[in-house]
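This document starts with two versions of one protein chain, written out as structure tokens and named structure 1 and structure 2.
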Structure 1
């Protein structure tokens, strides 16, 4: 199995590239944002628990997120592997993901980070904000704060997998196909 963590700041192109990776490699794309929306929308026990934290403006505890992730993995045992998008975001989440995969006698194959300069991220998200309707993509100061939160909180995740020789950074600037070829070159070595 190929188990990828697709990593990068908001607006780095993870969703776009994940769709192409699914098509080429037959992997299941697991976006934590999608998981939350599904679980909350279907009023599952984990969704209701997550909503109770979100409604208070609090972070959803890792064990709730891991529970949702576990449900998704267990519901799809016959895939070629997984693309984890938006998770893990912290070192404890990385450890929890490793434990979940180890229970299935599997492991993270590679963390691949799409490296994109801050100014390009701001430009991309403001452009996306014009068409997506997402309020958090329309305000430059909010975007810059999201970039800083990403840097502060998620950089240790890259370091965690880098210490295991499982992290790679690729240039996230260029055309969609050009970036995809860089990703495919890394994945083909797995």
Structure 2
């Protein structure tokens, strides 16, 4: 099994790269952001709760997010591995993921961070907002809040896996293929 955490700030290209990794390595892509948007689209109670946080650029509470992630993993036991995209975003989420995988006698193989500077992120997200249909990509103050939340709550996740010698940072600036090659080089060592 390869269990990869694709890490990085909003707009760092995680979703784009995850789609390419699925093709090459046959892993199951789990994006908590996509799962929330699906729930919102279906107007489920979980979706309605999540929307109030997402619209502000805040994190959905850990219990809600961890429960949803656990359901998705448990519904798909027979896979060659998982790409976690946008999860974990807090230290308690990291601990919950480790526990969930340990129950399957498995573990996180590696966290790979796509490193992209703030100003580039704001530019990319505003551009994406023109076509993505995502309200949280349209408003610059929501975008800046998401970046701040990433710095305050999510960067500790990098340190958490770095302390286990499982974190790698790669340059997230460049062409899609170029960045994919950098990622594949890391994954091929696993």
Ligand code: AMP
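Throughout, rigid core stands for the largest set of C-alpha atoms superposing within 1.5 Å between the two forms. Numbering follows the first chain given and starts at 1. Keep in mind that this is a model prediction, so the values were computed, not measured.
Checklist line | Number assigned to the form predicted alone in this pair | finding: Structure 1.
Note to self: Could you check whether residue 164 sits in the same rigid part as residue 82, given that the chain moves as two rigid parts between structure 1 and structure 2?
What the structure shows: Yes - residue 82 and residue 164 lie in one rigid part, which moves as a whole between structure 1 and structure 2.
Note to self: Need one number: degrees of rotation of the smaller rigid part relative to the larger between structure 1 and structure 2.
What the structure shows: From C-alpha superpositions, the smaller part turns by 35 degrees.
Notebook entry, point to check: Core-aligned, what's the Cα displacement of residue 37 between structure 1 and structure 2 in Å?
Noted result: Displacement of the alpha carbon, after core fit: 4.1 Å.
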